[in-house]
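Both blocks below hold the same protein chain, though in two forms, and each is given as structure tokens: structure 1 and structure 2.
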Structure 1
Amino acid sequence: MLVTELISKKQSGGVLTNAGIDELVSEFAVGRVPDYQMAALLMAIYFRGLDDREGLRFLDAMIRSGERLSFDSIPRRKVDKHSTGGIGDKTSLIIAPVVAEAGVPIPMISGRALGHTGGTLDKLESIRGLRVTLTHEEFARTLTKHYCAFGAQTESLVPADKRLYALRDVTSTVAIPPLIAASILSKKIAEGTNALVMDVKIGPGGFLTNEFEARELSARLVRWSAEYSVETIAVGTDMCEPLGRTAGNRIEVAECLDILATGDGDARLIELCAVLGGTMLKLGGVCSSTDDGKNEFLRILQSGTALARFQSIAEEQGADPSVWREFESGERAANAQEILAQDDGFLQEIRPRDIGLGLVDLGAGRCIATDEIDPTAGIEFFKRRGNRVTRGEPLARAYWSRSTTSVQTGLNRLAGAFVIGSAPAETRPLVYFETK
């Protein structure tokens, strides 16, 4: 196979054959296709696209690049949840322990930060000692014992996607809808899930900027997963502003721990968790409808029992039991700077993409694949979109611990993300649609 021929074909708008895709993916998975050639092909695909057959073949080839897990020994229906990515999107850390507390097993293979968006694995690894790279036996033991396990892709589980995911992150080729679908579903199918709830983000804080693109991706996810007997419900949700009161890694974990302990927190975040978690409870057979699932989700969350579930899962995966005292004490970062309102008026927008890029500059994400993340880098929001503000009033506080040349750039980006106007902000829906 000559990869240059595939690149040339896609550059000219041609379609890739099944055999070409199969060989490309299998050779890339074992390192026989160099990153620079795959990056060139990704860029051609970004501009020329993939048709439905090509995308589905990428999915199939990615699944076949590694092993598939099976948890048939756990009798209940296994259900997972995944997001296409957004700023402050920490829902998995709240939803998973609540749904597990209801008795639904969740084999959760998650991803890392991608582009300007955060990653569940990076958040989890900010908990001292917690390991997300687990053997099949460790993952199965945690899932069987606690009804939830948080894992990363291993060298044997969809290795082609693991390499492709990292390369898309650092080449600005994330926003290829068929590859977004293939990446998500390859992990979910390989992990042995029976049903999936997809949170498809709409707006500049994610990778799909409009509802049309989101509906297309949602339909593709539902259609493709059915080919593998995985029942999927996709929910289109707003990502035109950050989700929750924080964005970053460790700081988002702290927010989630507080919500799990009290059942209280940012209203939009909790509402979205209830919608997605309630749908999982319905798919898991615990509740007869999504509305009943939402009510049951909120009941469990407000009881506070899911906090112990989350801590038990984390400790099973290596978290030091003393780490929870560090979160309770509010330990954060070596440096902090407040972001002040520059005018009187209404906070009309908090531009999520600028927040995400600013946090990458502070160290919360990666500019190149080998970058080490600063787990303390993050931002805490004091004001929300629509609030009235006065000049000089603190809008947010940024945190970081490592001194790098990009810190000031990041602080400038964060400050520029807050848009103040004279008129109140228009309301936006949290949930746009559901596809099943």
Structure 2
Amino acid sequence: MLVTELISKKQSGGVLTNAGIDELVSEFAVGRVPDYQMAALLMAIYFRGLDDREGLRFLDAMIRSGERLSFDSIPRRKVDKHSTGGIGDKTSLIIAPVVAEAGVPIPMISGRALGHTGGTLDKLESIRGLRVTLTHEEFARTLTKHYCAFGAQTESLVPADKRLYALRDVTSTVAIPPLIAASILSKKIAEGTNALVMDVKIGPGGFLTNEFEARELSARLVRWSAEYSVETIAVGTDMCEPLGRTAGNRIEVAECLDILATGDGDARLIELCAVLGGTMLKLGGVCSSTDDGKNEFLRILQSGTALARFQSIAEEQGADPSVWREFESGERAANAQEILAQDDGFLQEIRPRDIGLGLVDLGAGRCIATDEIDPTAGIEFFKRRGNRVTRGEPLARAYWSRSTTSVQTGLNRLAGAFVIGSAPAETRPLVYFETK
């Protein structure tokens, strides 16, 4: 095919035909369209956009590039949850075992850390032995037995998205809203879910920085998934500050295990889990309204039974059963350093993007795809946004185990994320909107 024709058409603001998109995506998925041509087309799309028909056709062609899973043998409505990504966003690890405990199966295909944002798979892999690269049979067995499986995208599940996403990541073309929607939905539709709760993050800790863009993406996700009979509810939530008391990988797992054991923890994190989890229970048909779902979610969380379910899922996926004792004993990183308040006043901001970039420098994320993660790298917050602080008081503690040249840069970035001012911080909503 003549990809140069498609590139020049898009450059001049034209629209691509269905046949052109189909051939482009299927040839790219098998390596017959070189990355440099696709990168040029992506840049043209970045500036000229895609209309609804073109975007939907990309979605369709991406789904058709690989296999489509089906879990019809489980006679219940399958519901997944996905976030557009943020800092300290550990909600999946808390929500999934609670929702599974309520009898709603969750076929969860998650992502890795991307740019400054963290990834569920990297957090899970910090549990010794746990594997997320499951065969279809292993994924189905875990889902059938525990009502939840945590998996990574495989070579056969939407291969076109796997290649396209990697290319968008390194060519600064991630922020194309129709392609974000197509990328997320292609994986969700191919994994065989019947319904989806989307957590669309708004703020500098995520990829969408304003509510308008988030509302547009949410409406598109709801509309497009309906074409495939997947009922979606998108919730626009705050990402102007890190979520919960920790950010990193192992340290976030420890926070989740503690919440699952006690039913208690950071109030904003638990409220967000209840909103998203309650919506999943409504979509799964076990509660008649989102409010009932929220109450049921909190009841199960507070009962503490979801901890054993999380551990069973993790052990089914290879986690060493002795690993839980290490989390209890608080075994941490080789190095730690406190971040001290530089002034008296109110903590006005904990800038999430600086926290995310600082953590990448400490080894919690990747600069290039082949970088190895330091699972112990992370940060624990002692103070929240809005708290009164005094000069010299510890605000947080950073952890890391590998002594690399970027550690000092990371520590400086983390320290710079804490903004102290004389006036109390204004309050912000946690949930901005819901689109269904």
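Throughout, residue numbering runs from 1 along the sequence of structure 1. Everything numeric here is computed off the predicted structure, so don't read it as measured data. The term rigid core refers to the most C-alpha atoms you can superpose between the two forms while keeping them within 1.5 Å.
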inquiry  = Please identify the form predicted together with ligand URA: structure 1 or structure 2?
reply    = 2
ask   = For Arg391, is the CA shift between the two structures at least 2 Å following rigid-core superposition?
value = no
task = Establish whether a shift of 2 Å or more occurs at the C-alpha of Trp400 between the two structures, with the two forms superposed on the rigid core.
result = no
ask   = Taking the rigid core as reference, does Glu380 move its C-alpha 2 Å or further between the two structures?
value = no
message = Rigid core superposed: how many angstrom does the CA of Ser12 shift between the two structures?
response = 5.0
inquiry  = Please give the CA displacement of Asp22 between the two structures, in Å, after core superposition.
reply    = 2.9
